[in-house]
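One chain follows as structure tokens, the form predicted on its own.
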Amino acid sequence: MVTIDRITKAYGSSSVIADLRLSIEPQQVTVMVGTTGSGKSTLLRILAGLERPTSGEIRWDSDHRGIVRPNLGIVFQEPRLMPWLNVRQNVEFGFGPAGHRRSAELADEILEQVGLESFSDYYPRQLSGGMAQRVAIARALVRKPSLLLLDEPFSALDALTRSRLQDHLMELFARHSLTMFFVTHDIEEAVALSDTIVVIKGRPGQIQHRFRIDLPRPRSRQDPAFMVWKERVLAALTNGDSP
């Protein structure tokens, strides 16, 4: 799906990430966890086309080279909704300036999938934080993206809402056969969502570990095997070595 080949990003003489190599597999959830300042969000912004790498390249679908993939969906830490647009209009905004002849119909379809069909005429100020983030997810999904990028989308939410949205995201993942690249600080979230966990550390950030998470879905956070994976990833983050 996506090959990240020796990507380096520097600002002046200071490198944020260096010589990163990573493959994002189709219809899989790749989660990146790492220490503060290790370049997780920088890499996501490069994938989104919001930053250009200093060196290295991204290959899409094995043969297309470039920085911007036209059909991307992006969900940020904040919903970033347009306050003057209602919920349906915010979702339709995902089609871009060209729009879509069935934009309202398609927006209503995705709003039903995220459980907000009754709130299509509401404005962002009338929504809870969790509802607003569901609108942001719907806006990202409405174009049926080849790759969904998520930059700590649940970090500002309370623990219960966060857990519910994680579960809901995985329902959407299964429904849409999504490919996702998800950045988080939360190890439990990483284990709950991922097929692959990538650990990035240092400054400049470099990938230190890759884990294939072999737990069946849906995943129970009380499962002893789940707890073992949390400890293993934590050890990789804090000690530098996989136990």
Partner chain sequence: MPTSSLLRSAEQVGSSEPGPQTEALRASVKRRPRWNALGVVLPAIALIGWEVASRLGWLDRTITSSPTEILAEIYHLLWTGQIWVHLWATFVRVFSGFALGSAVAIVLGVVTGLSQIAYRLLNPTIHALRSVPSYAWVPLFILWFGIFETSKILLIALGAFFPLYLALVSSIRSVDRKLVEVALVNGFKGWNLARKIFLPASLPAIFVGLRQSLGLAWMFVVAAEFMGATHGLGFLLIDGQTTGRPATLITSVLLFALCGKATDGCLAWVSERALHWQDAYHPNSPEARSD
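These numbers come from a predicted model, not from an experiment. Numbering follows the first chain given and starts at 1.
One more form of this protein, predicted together with its partner chain, exists but is not displayed; see below.
In the predicted complex, its partner chain sits beyond 4.5 Å of every heavy atom of I137. Among residues of the shown chain, V87 is not one whose heavy atoms approach its partner chain to within 4.5 Å in the predicted complex. At the 4.5 Å threshold, heavy atoms of T161 reach its partner chain in the predicted complex. Not displayed here, its partner chain is approached by S128 to within 4.5 Å at the level of heavy atoms in the predicted complex.
Contact check at 4.5 Å (heavy atoms) against its partner chain in the predicted complex: none of M32, R59 and L178 pass.
Though its partner chain is absent from this view, in the predicted complex it lies within 4.5 Å of a heavy atom of just one residue from Q113, Q166, S146, S103, which is Q113.
Across the options 43-51, 211-219, 193-201, 180-188, residues that bring heavy atoms within 4.5 Å of its partner chain in the predicted complex belong to 43-51.
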